[in-house]
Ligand code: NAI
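Quick setup: one chain, the form predicted on its own, written in structure tokens, and binding and motion questions come after.
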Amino acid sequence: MASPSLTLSFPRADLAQITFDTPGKSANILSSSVLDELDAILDGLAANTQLAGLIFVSGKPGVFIAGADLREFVAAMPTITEAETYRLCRRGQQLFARLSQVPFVTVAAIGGTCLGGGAELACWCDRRVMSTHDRCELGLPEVKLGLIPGWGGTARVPRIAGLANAIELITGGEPLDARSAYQWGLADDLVPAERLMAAAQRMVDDEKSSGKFLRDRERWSRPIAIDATELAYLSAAASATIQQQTKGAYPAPIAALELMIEASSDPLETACDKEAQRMSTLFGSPVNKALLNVFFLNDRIKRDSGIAGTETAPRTISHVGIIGAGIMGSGIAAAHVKRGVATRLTDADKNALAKGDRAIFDEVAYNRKAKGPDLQKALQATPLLQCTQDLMELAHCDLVVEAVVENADVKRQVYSRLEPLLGENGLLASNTSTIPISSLANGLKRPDRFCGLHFFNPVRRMQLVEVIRGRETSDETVATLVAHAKRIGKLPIVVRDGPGFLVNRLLSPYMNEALHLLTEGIELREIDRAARWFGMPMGPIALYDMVGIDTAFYAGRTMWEAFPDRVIASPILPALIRKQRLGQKSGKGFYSYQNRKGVPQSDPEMSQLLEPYCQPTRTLPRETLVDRLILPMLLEATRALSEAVVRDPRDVDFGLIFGLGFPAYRGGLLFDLDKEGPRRILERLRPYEALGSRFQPTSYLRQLADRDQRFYQ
């Protein structure tokens, strides 16, 4: 029999304490067995007439309750009905509601992460005490999984924190830090972590004496007092904000908003019943399944050591050097400084170094809440960063990341000077986005300690990092860089060396096909509209401008040299370069950016420039444009899988979502197409096969179809 997760104790005769500490787990999760445990404990306490209060506390540092057990959700999904989902929600609501009905005060002592079902449990308690520790937060992120809170969150939180606050918290899905939770009324006291239990006990005594918790129970059971005009305005304003943010692709935020507006005039019990009804329509929906897949992709990467089947221990990296103070080098340095890693930045250009230094401190010292610099953050970062023009200053670094110009000869010159300076265990990594790592390793005396570490631009926003393994890169080097990437808040995937690695290799056919469509007479904006309709954050034409036409040209040439049978060199990019139309950075590319807001606008000059290379203007159905853009990307993914560029098909989906912004509500390229199956994909490809080898089905795809298998086994 499994060990219990909940332990009941009595710090004093009139005070009960439930300690949540799931055996063998780093976080507390609300599973069905835990709910059963809680139900049984509350049954036992109901007969104790001597109790003044009950306190919930976690036995895990930094975590109160991380939420519900999502693996139970997935296991139930194939067969569960709406009626069963409704009953499960009602069961959780009624269980948690007991915390607001027992004849004694209930207090949640929150010392760390408190999310989802954990936040709902806490909000059913009469009072909440939170630690002032930085990691202490409270949130209801269910909309990020295509769901709404289902254990009373949409009913209880508006009555405690106010309807406007609840709408922002629940439809946005972002957690509140302890101070914000206190300001919103979701926390009743803030204390240092070491005083958490004392504060909770004192609150029990105060509430028993005043009886205020009983008055709040009665008040929170009633409808919300709000003027009809204010309610209509709140609904309209929140709906507009949600539509702007989600583009209508995510149904859960709107469902949560409509539910809270509608149930605001109901008693608490009716509001809970409506929540369960609404939850039953969302659970198991295509968007819910897709977003759960993204969650598990993320969870898998967080657990992955980078080395399959071995127990290779990573080395600890304490000091990092960055060579190159440009946009990427400065961004990589800032990522390290923000995580407390001692960093040295070097560049041969004194002006570039000074500019990089300023950029790093601007980023590190930025306070999102104040929307400006934070002096305290700047002071904390100052001793962590050193800027120097002397390469010798990097000699003691455990890891040096090279981020110089994308030229193999220049990079090798840097390595020839740097490698002799590094210690016996020093690691060297390149931030190259296209140049094969094994090629760059030529001439190194210790190629086993050399690896690709490809960050994505802008580094401050993009979580993905490709750890590219060269032919001679050791397991220890890979494991160390995977662990280090996680330490600085990034999500690493291990990629086998090859042209474009993974993400840029799959991006190449998407971008290349956009040029084909242009030459066939499809207008710029129509191509971009089709991509955005599919869910991409921007169209491929706008992406060319953002990346830089010259940068895209050189990256495209690398892919053409590697795959000339399916990457066709287009004259359009060289024509733009000759006209100095390099994209956003020059003010003009495919679009013009010479306006106050710098937004892309059509430019009449482009029609004249494209005329020699393009057929007369014509249109294609939006679905056809999407097929033309997405199917070549899929086929390239099957080639990458057959070549073992990644260890698992899920790495493809993870890389595209977190590296390219592939729409999360689709769950990933392969996950999305698995809904159709490989036989249906072959049918979709048939009308395009005459366009060339880039649309020819691969043996990998045909084998899946022959076996009636999916990418996700």
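The structure displayed is predicted, hence computed values, not measured ones. Numbering starts at 1 and follows the sequence shown.
Same protein, other form: the form predicted together with the ligand, not shown, and the subject of what follows.
Partner contact region in the predicted bound form: 455-463, out of 93-101, 164-172, 294-302, 455-463, criterion any non-hydrogen atom within 4.5 Å of the ligand. Heavy atoms of residue 537 never reach within 4.5 Å of the ligand in the predicted bound form, leaving it off the interface.
Within 4.5 Å of some heavy atom of the ligand in the predicted bound form lies at least one heavy atom of residue 585. Of the heavy atoms in residue 411, some are within 4.5 Å of the ligand in the predicted bound form.
Proximity of residue 329 to the ligand in the predicted bound form falls within the 4.5 Å heavy atom cutoff. Put simply, of 288, 638, 570, 433 only one has a heavy atom within 4.5 Å of the ligand in the predicted bound form, and it is 433. The contact residue chosen from 530, 441, 181, 323 relative to the ligand in the predicted bound form is 323, the criterion being a non-hydrogen atom within 4.5 angstroms.
Scanning 463-485 for heavy atoms within 4.5 Å of the ligand in the predicted bound form gives no residues at all.
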